[in-house]
Structures are given as structure tokens and as C-alpha cells.
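The chain below stands alone and is given in C-alpha cells; this is the form predicted alone.
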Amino acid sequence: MKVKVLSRNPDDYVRETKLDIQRVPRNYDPTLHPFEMNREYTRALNATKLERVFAKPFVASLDGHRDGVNCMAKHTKSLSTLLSGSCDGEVKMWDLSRRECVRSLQAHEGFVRGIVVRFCGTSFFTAGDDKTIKQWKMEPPGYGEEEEPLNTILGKTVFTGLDHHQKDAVFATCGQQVDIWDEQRSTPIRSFTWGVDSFSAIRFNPVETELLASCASDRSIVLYDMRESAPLKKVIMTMRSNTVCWNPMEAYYFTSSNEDYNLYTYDMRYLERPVTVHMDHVSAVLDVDYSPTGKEFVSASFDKTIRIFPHDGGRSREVYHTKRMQHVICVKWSADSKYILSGSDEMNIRLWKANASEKLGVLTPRERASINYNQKLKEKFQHHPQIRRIAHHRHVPKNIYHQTKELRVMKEARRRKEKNVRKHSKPGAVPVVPEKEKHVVAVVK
């Protein structure tokens, strides 16, 4: 005679300690769970609401400058070190973990136009309105020592931008022309000009390290190769670009911030039209910086806000502002991809979370699992109207809200006028120009 015996493994249902939650057996057969989608939708809706409830991005304010913060630089080896230069020529070094200034030095007469840390992290360079470039030790001077620069280079014209090579003892400046300097020499080893009055910004490519990009006063973005004797090519736009930033993960892509309130991501191989036009700001965009992952970038604007854009998205996913923040001049994304730093007119540097609702500190395994589960639910239901409305809604200052509304009306009026002109013209006389091609005037090689 056969006897069937129930056999159970205690590990499947017995708790290890009385503090553990009860283990519940679960059958994954979909026929036994007819309302699974409904429950998941409710959970996704609640997760989206809670994300907005806990969205508190502002972390800290670093005050100590006596004039507007004009430029900032991240340390190449230390996450917690930040350098900032102000409009009165003062440079400060900050310890972000303690949120205090650890060193202050009077570097220049007038504005500090550029500041950059050497790739090894042992020294940094500053450029100012007094036509000088100075190299400083990263370590503060010892007891009784004077604060003196390691090296000073006197230029012939004012420098407006500065950047350092990622691997070699070479740095680049821009002003009336683009100069490439060797650290051991007091004259540039190479100069580039292309019939332009002046340049406002210059950046080395972090991947293809011999490439540079600069913004010029004739509304153009110029590309260079240090191994060549002349610039490669330039794209002329309808309005002037203020700064440019390369994607740290994809060597060919760069994003420029423009005076026409937009940002443009280009593929340097095809400059005839931008890959993406990023629009949401309501005033000139003054600075842009990529996250280390290359998936997103942050922009600083004259409209007193900073916005976070996906690298391939036309609209911002986040907008940060405070009542006291004035025109934001410079912005940086921290090297661990978790924080954003912004420097503004009213002498403050602000520290923000890159993910507004992220919890700071150590997460327990259950918290991490819950966050990942909620994230997947939000992705699954992101296009449902109710969830999309809650996820995208942002409170903005009244003047920005009204300016956005006004810009929308103006754009619609232009579109309507163009449509009417086309309707009453010969077929083909008024061609349809895509948004991406409206802003490019010419590409010169």
C-alpha cells in the first residue's frame, strides 16, 4: 500500500528571528491573479505621488564669496573638493563633505574668467581679466609661507576661457584667438584664428583628447584638432552660443547653450542640423555640463533656474529654483553623478540632488528593493495620462510661468502665419523647414 506523505522544508516558511516578516507562499499562475494589472497601476500611481511628495532637491548653500560666482571647477581626483572663482578675482576651495571653505586666495584683478584642475590633481590654473594665467599648488601653503603661484604667464589680450588636456601637460585658452599652451613655456605653442572677433568658451573632448570646441562671437561653434595647423570646421547659428560641453561617453556629441533660450546637441560629423533641440528655458542659457554617465546634462540660465535634460530628449525632466537665487552663471555635475552644483549672481554656490526624491544615506536591502520595484512600475505605466500628469507637473515661479505661456502663444502665432502664407502661395514657394534646421545658418569647412 502506497502512503503519500506531506513533506515541508522549514526554510520555506519558518522565520529566522521574530523580527522577520512572515513568509507567504505565492503562486505565479496568472489565472489566479485577475486584478494584477489594476493593483500594479494603483501602486505606480502611489509611487509617483510619493516621489513628488519627497522631491526636496536642495541640499546646502555655500556662502563666503563677496561677489557673483563666475566659474567653477571639479577636482579630478577628489569628490569632495570644489574650486570657485568670483567676479572680484577671488578663488575659493570648498570641502563639500563639511560644506565649508578650506582655502581662499586673491588670484586676479577683476573677473576670474576660467578655472581648471590639472588632470593629476596636484595643481590648478586660473585665468583672469588682468591678462594673466596662473598655476597654483592644490595644497595650501605651510605655516609662515606666502600664497604665491607656481607659475604666471602674462598674455597680450584678455582671456575669456580656459581648459586643460585630459592626459598631457597642455592647456588651451580663448580670447581674441584660441591658444594652445605647454605648461613649461610662456608663449603659446599653437594659435588658431578664423576671422572672428573673440571667443567666449573652449572645451577639450574627454574621449578624443586632441579635439577641442569653442564658441565664437560671430554666432559660430568652431571645432579644432590640435594635430592640425588650422581649425576643422564651424557651424554658424542664428544666435550666439555661450558655452559648449562634450558628452563624456560618446566622443562625437557635444551640447551648446544658446542665447535663443535653447540648447543644441550636435554630432560633430554632421553639423548641418542638430541631433536634438532642447527647449524649456525662458531666457538665455549661460552654462551646460554633462553627468559622468553621459545620459543627462544640466543647464544654467539667466531666468534664475537650472534644468536637467535627458541627452536625447527635447524637454527637461526637472527644474530647480529658489526664491533667493538670481541669474545662474555656472553649473557643474559632480563626478559621482549624484549632485549638481550651481553658482549664481548673488554670491552663493548651491548643492542639489541630481535625483530630487532620492534618499541620502545608507539604504537597507528592503528599501533598495522597494525603490527598484517602484521605479519599474513607474516606467511601465509612465504613459498613462494620470501618472504622466503627476510626474511631469512642476511648480515654477510666477514670472517663468507667464513667460512660458507668452512664448507658447508667440510660437503658435508664427506657425499659424507661416501656414496661412503657404496656403496662399504657389505650391512649393514656401517650404516647410523642420525645427532642427531653422537655427543653423551655414556650415563652413
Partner chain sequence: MAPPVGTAVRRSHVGKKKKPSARYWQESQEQQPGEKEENKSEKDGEQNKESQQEKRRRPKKRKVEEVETHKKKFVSGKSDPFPGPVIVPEERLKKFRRAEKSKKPPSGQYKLKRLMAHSEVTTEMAEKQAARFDLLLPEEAGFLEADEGEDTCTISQEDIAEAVDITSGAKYFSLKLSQFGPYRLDYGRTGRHLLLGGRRGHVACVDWQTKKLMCEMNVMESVNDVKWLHCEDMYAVAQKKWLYIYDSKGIELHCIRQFNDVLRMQFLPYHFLLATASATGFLQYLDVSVGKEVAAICTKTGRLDVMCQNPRNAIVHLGHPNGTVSLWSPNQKEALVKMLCHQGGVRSVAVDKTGTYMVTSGMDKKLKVYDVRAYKPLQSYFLPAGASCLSLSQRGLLAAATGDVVQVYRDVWTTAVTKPYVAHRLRGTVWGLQFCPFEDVLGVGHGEGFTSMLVPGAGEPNFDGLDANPYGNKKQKQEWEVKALLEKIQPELIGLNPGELGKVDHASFQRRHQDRVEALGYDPLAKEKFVPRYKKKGRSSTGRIEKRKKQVAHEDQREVIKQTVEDRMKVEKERLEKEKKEASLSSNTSALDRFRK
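For the two forms, the rigid core is made up of the largest set of C-alpha atoms that agree within 1.5 Å on superposition. Computed from a predicted structure; not experimentally measured. Numbering follows the first chain given and starts at 1.
What follows is about the form predicted together with the partner chain, which we do not show.
Visitor: Looking at 58, 54, 401, 35, which is the one with a non-hydrogen atom within 4.5 Å of the partner chain in the model of the complex?
Guide: Comparing distances to the partner chain in the model of the complex, the residue within 4.5 Å is 35.
Visitor: Taking any heavy atom pair closer than or equal to 4.5 Å as contact, tell me whether residue 324 reaches the partner chain in the model of the complex.
Guide: Contact check for residue 324: no, nothing within 4.5 Å of the partner chain in the model of the complex.
Visitor: Report whether the minimum heavy atom distance between residue 147 and the partner chain in the model of the complex is within 4.5 Å.
Guide: Looking in the model of the complex, residue contacts with the partner chain do not include residue 147, since no heavy atom lies within 4.5 Å.
Visitor: Would residue 2 count as a contact of the partner chain in the model of the complex, using a 4.5 angstroms cut-off between non-hydrogen atoms?
Guide: Taking the distances in the model of the complex, the answer for residue 2 is yes, it comes within 4.5 Å of the partner chain.
Visitor: Heavy atom to heavy atom, is residue 421 within 4.5 Å of the partner chain in the model of the complex?
Guide: Answer no; every heavy atom of residue 421 is more than 4.5 Å from the partner chain in the model of the complex.
Visitor: Taking the partner as it appears in the model of the complex, which of 39-47, 390-398, 62-70, 403-411 has residues with heavy atoms within 4.5 Å of the partner chain?
Guide: Selected stretch: 39-47.
Visitor: Give a yes or no on whether each residue among 129, 137 and 432 has a heavy atom within 4.5 Å of the partner chain in the model of the complex.
Guide: Checked in the model of the complex: no contact with the partner chain for any of the three.
Visitor: Counting only non-hydrogen atoms and a 4.5 Å cut-off, give the residues of 371-392 close to the partner chain in the model of the complex.
Guide: If the 4.5 Å heavy-atom criterion is applied to the partner chain in the model of the complex, 371-392 yields only 384.
Visitor: Given a core-based superposition, decide whether the C-alpha of residue 24 shifts by 2 Å or more between this form and the one not shown.
Guide: Superposed on the core, residue 24 moves its C-alpha 2 Å or more between this form and the one not shown.
Visitor: So, does residue 10 move by 2 Å or more at the CA between this form and the one not shown, with the core held fixed?
Guide: Passes the 2 Å threshold, so yes.
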